[in-house]
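This document opens with one chain alone, in structure tokens, the form predicted on its own.
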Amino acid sequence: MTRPAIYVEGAALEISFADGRRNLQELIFDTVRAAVDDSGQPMHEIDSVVLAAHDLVDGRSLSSMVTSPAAGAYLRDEIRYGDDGAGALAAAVTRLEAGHARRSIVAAWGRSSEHSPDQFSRSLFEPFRSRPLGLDEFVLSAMRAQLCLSAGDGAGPARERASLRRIDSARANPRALRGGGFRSAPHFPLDDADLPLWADVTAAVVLSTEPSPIRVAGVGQSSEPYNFGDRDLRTITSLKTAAGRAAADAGFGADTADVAEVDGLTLIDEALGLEAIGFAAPGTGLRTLAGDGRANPSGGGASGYSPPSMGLVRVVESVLQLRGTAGSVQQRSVRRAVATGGSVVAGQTQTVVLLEAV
């Protein structure tokens, strides 16, 4: 039996901060409603929902019991994927390919204004040997940055240019956060410009087995050991493996993409992500971010950041590029795009999605 092709029919995202007019369920509803409207399909044509949500981020035990109706899951087949939004999309693709559904909503969110990202990060570390050391995600990103910069990978002017371009791209992106938000305290050698802008982020797509202009050409996933001491932090091995699997699935790789939307907690993580998927040569990730407009044209984490939604945000930004509707950050002649999403700790699990216009 031939696997059915999977298409993106609708996509939407919203980045805000501490919107006093709407609670989390209302933010989710508005974004999912926008994605469904964008698909042109009525709700009764959707038979499956896959959510990316995390109880610690939402501040609600069994968060999906409270939030899933807002995402359209009432009386529909529902899966809650407690990880990154790109991973949730991969789960939805698998179910569509297996014939368990014909059309699916994928939704992801994170509301940084309602929780402490630093405390959330620390709580994910092993409680007896790692957590007492006060480790968080930024400590590991700083360790990774130290390894990268000490090897001479883009230190100095390239890093500065990449940081400025990232900020300029975020300012130009019409979907980026326009007010509010906050940044965590940087750890050496990171500085404020390297860090993400914490925000309230909701994203949704509608996938279908029925043909439409954007096809999910390939998906790949991989995971590394949970213990970060068992990994080489200088490279993101799981992302490299996931990119290879996505390329085998699609018949083309990220190196042929016209746009790369790569998830990363910091500027250095984004640069190493470009190297891992093959969009940038080893040691040139920062130079690629500095000078190649196709690399994270959305501004990446500088546009607004909150796990576990970011992989799906990267997918939505890629879809808009393929449609030619990305606004002032639109790139020319985009026919193929790659989007990635990673999860804690230190990008342990990675998903790569290859998309193409058909």
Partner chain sequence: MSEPVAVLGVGQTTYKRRHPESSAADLIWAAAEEALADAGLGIDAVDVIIAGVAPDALAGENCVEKTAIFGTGKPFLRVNTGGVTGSSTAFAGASYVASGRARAALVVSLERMGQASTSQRVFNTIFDPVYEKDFPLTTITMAALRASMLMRVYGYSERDWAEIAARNYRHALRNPLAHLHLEVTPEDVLDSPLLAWPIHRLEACPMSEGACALVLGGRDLAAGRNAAWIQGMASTSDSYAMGDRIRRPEGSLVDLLSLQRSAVRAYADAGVSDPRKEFGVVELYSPFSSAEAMTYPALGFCAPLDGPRFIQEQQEDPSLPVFNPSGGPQAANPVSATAMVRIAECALQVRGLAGDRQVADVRRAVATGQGGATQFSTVCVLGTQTP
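Note that the structure is a prediction, hence the values are computed from the model and not measured. Positions refer to the first chain, counted from 1.
The following text describes the form predicted in complex with the partner chain, which does not appear among the structures shown.
A residue is said to contact a partner when one of its heavy atoms sits within 4.5 Å of a partner heavy atom; residue 224 meets this definition for the partner chain in the model of the complex. In the model of the complex, the partner chain sits beyond 4.5 Å of every heavy atom of residue 136. Using a 4.5 angstroms limit between non-hydrogen atoms, residue 191 is distant from the partner chain in the model of the complex. Using a 4.5 angstroms limit between non-hydrogen atoms, residue 16 is distant from the partner chain in the model of the complex.
This chain appears without its partner; in the model of the complex, the one residue of 165, 287, 187, 80 with a heavy atom within 4.5 Å of the partner chain is 80. Residue-level contacts in the model of the complex: of 282, 99, 213, 180, one residue has a heavy atom within 4.5 Å of the partner chain, and it is 99. Stretch-level contact analysis of 140-148, 115-123, 252-260, 204-212 against the partner chain in the model of the complex, using heavy atoms and a 4.5 Å limit, identifies 115-123. Every residue of the trio 55, 90 and 349 has some heavy atom no more than 4.5 Å from the partner chain in the model of the complex.
Residues are counted as partner-facing when one of their heavy atoms sits within 4.5 Å of the partner chain in the model of the complex; in 310-348 these are 343, 344, 345, 348, in sequence order.
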